[in-house]
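Next up: just one chain, as structure tokens, the form predicted on its own.
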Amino acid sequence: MSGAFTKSTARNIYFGGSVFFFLLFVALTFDTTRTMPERDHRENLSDKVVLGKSVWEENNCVGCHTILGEGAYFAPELGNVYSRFGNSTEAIKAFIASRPAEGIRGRRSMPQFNLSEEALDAVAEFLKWTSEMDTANWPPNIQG
């Protein structure tokens, strides 16, 4: 074996690696498109869940909370909040409605959004729907 790293060797490594990783990308893409329908639960997507997602976005909840790992890390993860609140949408609604108007001085606290009963129901249903996703055990701990 020669000790020199030639131009042709470098070219072969480059093209060989490019082909290998392109084929790996295609295989992983195919696997994902094959397994996603099994993990998807869009058939449970009701108008109330869609409204809850809309309320979530309008109030910028993701500005403080994460949901399934996406968002800010200022407040708790909400992907599993439904199970943390004892599988109760009523507990979620009560928690959101009970927030103080001005927060607690010197502490981070959730603001009072003064949501209507319909909006509270919708957000609770959205969080319930999110918790029913097959997330491959994410978040890794119960508190998010």
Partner chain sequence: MKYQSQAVAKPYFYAAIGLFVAQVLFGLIMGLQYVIGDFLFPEIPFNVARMVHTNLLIVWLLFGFMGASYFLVPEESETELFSPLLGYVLFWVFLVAGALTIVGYLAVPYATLAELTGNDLLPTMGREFLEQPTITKIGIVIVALGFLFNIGMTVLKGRKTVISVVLITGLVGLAVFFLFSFYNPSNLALDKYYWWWVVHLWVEGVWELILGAILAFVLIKVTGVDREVIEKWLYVIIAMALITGIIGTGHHYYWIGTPTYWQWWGSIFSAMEPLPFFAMTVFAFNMINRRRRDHPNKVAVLWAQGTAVMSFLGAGVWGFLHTLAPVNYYTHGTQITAAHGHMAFYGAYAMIVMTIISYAMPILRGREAASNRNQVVEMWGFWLMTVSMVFITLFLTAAGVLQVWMQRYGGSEPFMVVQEKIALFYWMRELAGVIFLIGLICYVAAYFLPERDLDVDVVAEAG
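Residue numbers count along the first chain shown, from 1. In this text, rigid core is short for the largest set of C-alphas that superpose within 1.5 Å between two forms. The model shown is predicted, which means the values in this text are computed figures rather than measured ones.
We do not show the form predicted in complex with the partner chain, though everything after this point is about it.
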Does Glu132 make contact with the partner chain in the predicted complex, using a 4.5 Å heavy atom cut-off?
-> no
Contact flag, Glu117 vs the partner chain in the predicted complex, heavy atom cut 4.5 Å = no
Interface membership of Thr89, the partner chain in the predicted complex, 4.5 Å heavy atom rule = no
Partner contact for Lys48 in the predicted complex: the partner chain, 4.5 angstroms, heavy atom | no
Going by the partner chain in the predicted complex, which residues of 67-94 come within 4.5 Å of it through any heavy atom?
-> Ile67, Leu68, Gly69, Glu70, Gly71, Ala72, Tyr73, Phe74, Ala75, Pro76
Is_shifted Asp31 between the shown form and the other one (CA, 2 Å cut-off, rigid core) | yes
